[in-house]
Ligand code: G6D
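Coming up is one lone chain in structure tokens, specifically the form predicted alone.
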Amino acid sequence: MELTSKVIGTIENKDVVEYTVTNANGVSLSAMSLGATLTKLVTPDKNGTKENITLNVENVEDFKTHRPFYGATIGRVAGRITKGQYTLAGKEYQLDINEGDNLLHGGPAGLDTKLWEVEAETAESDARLIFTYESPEGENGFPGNVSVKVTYTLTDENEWVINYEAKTDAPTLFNPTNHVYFNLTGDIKKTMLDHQLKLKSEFYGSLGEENLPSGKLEKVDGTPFDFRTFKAIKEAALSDHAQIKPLNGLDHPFVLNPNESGVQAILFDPESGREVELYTDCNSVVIFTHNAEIDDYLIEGEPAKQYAGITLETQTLPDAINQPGFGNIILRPEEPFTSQTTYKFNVREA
């Protein structure tokens, strides 16, 4: 395994360092200390051509100013919390809101905005980037001092393994994710609409006003949300379905079985032959199809186009603290948090 690092900017007069690890197959993963953020993931296509297959902001200033979440570690709680409010042990909490009246992706100063400590370790067949951050009591309104550890491992089996760990000194909430966007063509000027997705999910979470969870889990049968066999993303993203058309695409959680081993999802690009397999112990994956062009910043000299990438954000179902049956996101001193998600990169013919 090869390891390199370089300073790519500053935040609060401190260096932002980008680390790159490369395996024996030439697959490389880059990540920076700001936001414990994946900044690049390079894999070969079916012809052996190596290209970056993720969306990434090109400079630290744009990441700081516009907070696009691309590749970042999201938390303490991913997704939306209705009104930024919840009740725990009979006490009501008001969190710092940052999207209308609601909390989104941890609040106005979420984990993606923080400068993390980083340690790099290399071995013969894998390499690890270990990110740590101490989230203080009251940050974004959350109780408890929380120690967060996120480890990115790149293996010679072409796996990107994400391990999340957290400990607290008082009951609080914790439900992280990584906001990676994949575009397996290797060309962000192309959309991912022709990518094919297969997903082991029989239910999706419907949305109400303000993109908040409705609290209902709907069967995928007979809907564009049914990816139990391979189909093109465009069949869902461009659908007239009442849950999809107003958003111009998907922004929905899909229910997974965390007790079921094996691959949970496969994303495949017939053009390049690139494929991503998803494994996770989470009970859902939120799929977002980059439903609008973003012209606040440039990527390779152009705005990020509509449908430029697709996320596979593993997490406990969004707003679980306020939605019965969605899962447990309460972090307690006596119960440290652990979770693992793996993305495995393959190449195959159509």
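The structure displayed is predicted, hence computed values, not measured ones. Residue positions are given as counts along the sequence shown, with the first one as 1.
Another form, the form predicted in complex with alpha-D-quinovopyranose (G6D), is not on view; read the next lines as being about it.
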item	value
Contact segment among 90 to 98, 178 to 186, 261 to 269, 135 to 143, judged by heavy atoms lying within 4.5 Å of alpha-D-quinovopyranose (G6D) in the model of the complex	178 to 186
Listed residue (102, 163, 248, 211) with a non-hydrogen atom within 4.5 angstroms of alpha-D-quinovopyranose (G6D) in the model of the complex	211
Interface membership of residue 80, alpha-D-quinovopyranose (G6D) in the model of the complex, 4.5 Å heavy atom rule	yes
Contact label in the model of the complex: residue 69 to alpha-D-quinovopyranose (G6D), heavy atom within 4.5 Å	yes
Proximity of residue 313 to alpha-D-quinovopyranose (G6D) in the model of the complex, heavy atoms at 4.5 Å	yes
